[in-house]
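Below, in structure tokens: the form predicted on its own, a single chain.
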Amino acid sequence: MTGASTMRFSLLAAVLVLAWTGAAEAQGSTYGLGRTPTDEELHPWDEAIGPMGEGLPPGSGTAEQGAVIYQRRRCGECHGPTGAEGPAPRFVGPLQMETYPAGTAGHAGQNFPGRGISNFPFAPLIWSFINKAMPLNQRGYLTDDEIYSLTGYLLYLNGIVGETDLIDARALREIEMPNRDGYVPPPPWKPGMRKAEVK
């Protein structure tokens, strides 16, 4: 290398070091941009509730109140007057495996969670499903108390709770669902394991 080349190389190296240092400092500073997210942003209304009830909000209701809400919010238009008629998923009775009528959710033979409340392995999942998905075209319309009441009503229709039993986060965690033993947890993932194949 000649003296001029060495000098150009040294100058280029110095410029790169200064540019890198400036970029690192810029990344470390916030410049007053952004803000801390609100609790509502961290926990939106349609956040999934875990099987053990993690994340259930305050509130309560009874099946007796839920029966009134079921009528007032017109749930029966899709699920039938008693929750057993359809055409949307039936809430009452054992799991139904026949084909859904055209235009409704689900597929033949698919174990859709709304088919038979007694098929749910954990009661908090019923609350979560109603909260995230119902009413179908007005999700987020129901209050937490209404969802607790409707959950209690569906559990009552299936003989799992009493008509005046208070249903809240604690009660949902403690309810032993008929299909509790049907739940099989996924195996713990370890490095090198293959992904599950969707059929």
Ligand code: HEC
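The shown structure was predicted, so the numbers you read here are calculated from the model rather than taken from an experiment. Counting begins at 1, following the sequence as shown.
Below, we refer to the form predicted in complex with the named molecule, which is not included among the displayed structures.
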**Request:** Please name which of the stretches 53 to 61, 136 to 144, 165 to 173, 32 to 40 has residues with heavy atoms lying within 4.5 Å of the named molecule in the predicted complex.
**Result:** 136 to 144
**Message:** Residue-level contact is defined here as any heavy atom of the residue lying within 4.5 Å of the named molecule in the predicted complex; does Ala67 satisfy this criterion?
**Reply:** no
**Ile160 within 4.5 Å of the named molecule in the predicted complex, heavy atoms** = no
**Ala123, heavy atom within 4.5 angstroms of the named molecule in the predicted complex** = no
**Request:** Using the partner position in the predicted complex, report whether Gly116 sits within 4.5 Å of the named molecule, counting heavy atoms only.
**Result:** yes
